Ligand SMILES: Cc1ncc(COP(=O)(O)O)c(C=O)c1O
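A single chain comes next, written as structure tokens; it is the form predicted alone.
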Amino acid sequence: MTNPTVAAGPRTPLRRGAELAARASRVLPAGVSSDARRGLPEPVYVDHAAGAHLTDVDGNDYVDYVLGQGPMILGHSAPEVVEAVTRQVARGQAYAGQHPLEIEAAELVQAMVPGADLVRFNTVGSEAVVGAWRLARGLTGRQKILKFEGHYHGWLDAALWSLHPPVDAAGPARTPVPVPGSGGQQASAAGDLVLAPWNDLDAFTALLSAHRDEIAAVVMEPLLCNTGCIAPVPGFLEAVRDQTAEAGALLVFDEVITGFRLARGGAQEWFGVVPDLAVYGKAIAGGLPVAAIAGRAEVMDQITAGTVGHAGTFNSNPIGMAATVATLGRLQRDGDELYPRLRSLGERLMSGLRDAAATAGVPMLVDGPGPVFQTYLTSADAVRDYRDFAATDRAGMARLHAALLRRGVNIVPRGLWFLSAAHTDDDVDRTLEVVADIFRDW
């Protein structure tokens, strides 16, 4: 599919978008259906999407680096996904019974992910996370979960702690305290959490030792993508893997973003570290609501035995499974070409952003592996954890996001960028022209 070129010059006024925003405010809290979409600078309402582009209801075209918050690894309306879903819709939407596609989808996950002995599907990543925690508690007989400050594991009460807390309420940097992410959150859930700073092995070792007989699982985004795009420092993942096993706890990778995006085998393949369990979502089904728990047979067999429950009306929904088979089939078949191109295109865009910022004297750090990366407005030469991220100019990044959106470039508001197989060199060229224009007046 050939992407259209982003139109130069001013956009068509967002008149239809403003009308829809007014209607939405009368029927939807804050006018949106997810808090991740609230507070956007302008009423951009999408009419349709194809390849690496969105078109709004007022006829404006945007080169899209949000990609549905990451799922559209093949681009919007990828022909193989559209064909598979269309075919399945005509065959049935929900069976409450077994069907061949769920086996085929699980076999693809098993073949692609190093640690996937067995797979269970559900609908969203938040659900998969708490399912993995239940499996860890069931196997170990322990209750506590160790998570890292700044890591996101879904919006449910048990997990939504210390994502982006006010630093003055978050406790000491080396021994953070749990801070709820929402009013009305179940306060007692904090008692089952141990908070650790990301990329501080000494602090992690001390906390694991202090709670050694209580921790069922250590959970992390192996590449931290919900607070910048922060890689583990060399040796960190390996040491956490070793120490977690030695303590009798499970290691859980939250690969909702990294899964099938960094490589066929996700972060496990990219970093060469295999956890006991991993959870997946987003790119697994190319835009359909599918998530999964995958891991060691010893852990997953608790479901087989019936000692740990896992259920859901829409688990392995045939439409989602059709999309999963189509998406993972393409990634498995074409991955030797697709992933290097994703990295190369992402690196070219990252390099161009650095050059544009340097030319204009804008203090910008650009970091990430290419298929996903982050722009920070900061004079620092590295961002290693949440506290570093909190010290960057996040208000300035919101201003940059708004300026890009007005010029037809869509990124995640906090400065995260996703690449897809549908992005082209022309998309990158146009994006860099827009950024250079913005920075000239910065």
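Fair warning: this is a prediction, and the values are worked out from it, not measured in the lab. Numbers for residues come from their place in the sequence shown, where the first is 1.
Keep in mind that the form predicted in complex with the named molecule is missing from the display, and what follows is about it.
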Next on the checklist: Within 4.5 Å, heavy atoms only: does Gly125 come near the named molecule in the predicted complex?
Outcome noted: yes
Next on the checklist: Given that the named molecule is not shown alongside this chain, does His153 nevertheless sit within 4.5 Å of it in the predicted complex, heavy atom to heavy atom?
Outcome noted: yes
Next on the checklist: With a cut-off of 4.5 Å between heavy atoms, is Glu149 one of the residues that contacts the named molecule in the predicted complex?
Outcome noted: no
Checklist entry - Taking heavy atoms and a 4.5 Å cut-off, does Glu221 contact the named molecule in the predicted complex? => result yes
Checklist outcome for this item: Per contact check vs the named molecule in the predicted complex (non-hydrogen atom within 4.5 angstroms), the hit among 334-342, 254-262, 234-242, 193-201 is 254-262
Checklist outcome for this item: Answer key: of Thr140, Ser77, Asn226, Gln302, within 4.5 Å of the named molecule in the predicted complex (heavy atoms) is Asn226
Next on the checklist: Where, within 269-293, is there a heavy atom within 4.5 Å of the named molecule in the predicted complex? Residue list please.
Outcome noted: Lys282
